[in-house]
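Let's start with one chain on its own, the form predicted alone, as structure tokens.
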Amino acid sequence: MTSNPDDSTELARMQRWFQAVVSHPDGVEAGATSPEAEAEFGSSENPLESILTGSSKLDPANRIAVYANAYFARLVDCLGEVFPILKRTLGDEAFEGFAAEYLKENPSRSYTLHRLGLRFPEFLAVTRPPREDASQPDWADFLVDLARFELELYEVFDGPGIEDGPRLDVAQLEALDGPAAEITRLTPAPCLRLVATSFPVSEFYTRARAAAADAELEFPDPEPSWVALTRRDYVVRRLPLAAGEHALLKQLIEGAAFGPALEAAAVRDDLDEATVGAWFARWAREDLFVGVVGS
């Protein structure tokens, strides 16, 4: 193929063709015959040879495969940066195998790699092997829990925080009673996330980060766990929660009015005023809520 190096339109066509070939999840041969590639230069019996030249050591397919392999290696590395403890738990080879299969089904379509791993926990959940005991969570459930936890951590770290935003005036809550409490809703911090898992994932995460690089990581036993994630001063914080505390927080985050949520929690979990007061004091210290609406 001949082209004018000053022809920006021709260069743009070549760039689009190159991207279609290099990023195809089934390899460069499939990429060269994909609709995206053929839309640029049409179809031919040997599409790679008709557009690229070989070298003394590599034919056109192997030359462009160098770039394709580097492209996918970079995507796998990006997934490893989002899920570092999952990668360490699985081991490099197993993690890279899962990542490669995931990328085949979920190729990068966004201008930013921030979204690359959004479906990875779901992929692990869908492709997991059957449980030996359907009534009990197993090692695969733990891996899915860990992946979901690390994805939440990543999004809290990379998303909006409260560093420059408003803070909740606790005095407003203390003054609520009667009709006002029935309609007042709390505004959660934009970085607040709740994570419920079948395993103590947050505790495992802490141990794994502190362990030596060559230490073997043992899967924990199943145990329901609840954690609130937030960000203060650009540092992600993890707050372990009691079951009742998680349930009440979830109601408030989902928009339940202050008074009815407290009343429902008191009945459901047999809570006393001191317990609820201690929870709210901690939530206020951690800036889990940034304002009230409707009071």
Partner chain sequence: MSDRLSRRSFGRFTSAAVGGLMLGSTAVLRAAEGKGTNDPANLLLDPHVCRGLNTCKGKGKGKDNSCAGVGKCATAEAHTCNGDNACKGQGGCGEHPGENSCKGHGSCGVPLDDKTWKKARKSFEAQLTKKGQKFGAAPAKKA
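Residue numbers count along the first chain shown, from 1. The structure presented is a predicted model; accordingly, all values stated were derived computationally and were not measured.
Form predicted in complex with the partner chain: not shown, discussed below.
message: Given that the partner chain is not shown alongside this chain, does Ala281 nevertheless sit within 4.5 Å of it in the predicted bound form, heavy atom to heavy atom?
response: Yes, Ala281 sits close enough to the partner chain in the predicted bound form that at least one of its heavy atoms falls within 4.5 Å.
So, Thr127 and the partner chain: in the predicted bound form, are they within 4.5 Å at any heavy atom pair? Yes - in the predicted bound form, heavy atoms of Thr127 and the partner chain come within 4.5 Å of each other.
- Is there a non-hydrogen atom of Leu271 within 4.5 angstroms of a non-hydrogen atom of the partner chain in the predicted bound form? Leu271 belongs to the contact set for the partner chain.
Arg109: touches the partner chain in the predicted bound form, heavy atom cutoff 4.5 angstroms: Because no heavy atom of Arg109 falls inside 4.5 Å of the partner chain in the predicted bound form, the answer is no.
* Contacts with the partner chain in the predicted bound form, stretch 72-95 (heavy atom within 4.5 Å) -> If the 4.5 Å heavy-atom criterion is applied to the partner chain in the predicted bound form, 72-95 yields Phe72, Ala73, Arg74, Val76, Asp77, Cys78, Glu81, Val82, Thr89, Leu90, Glu93, Ala94.
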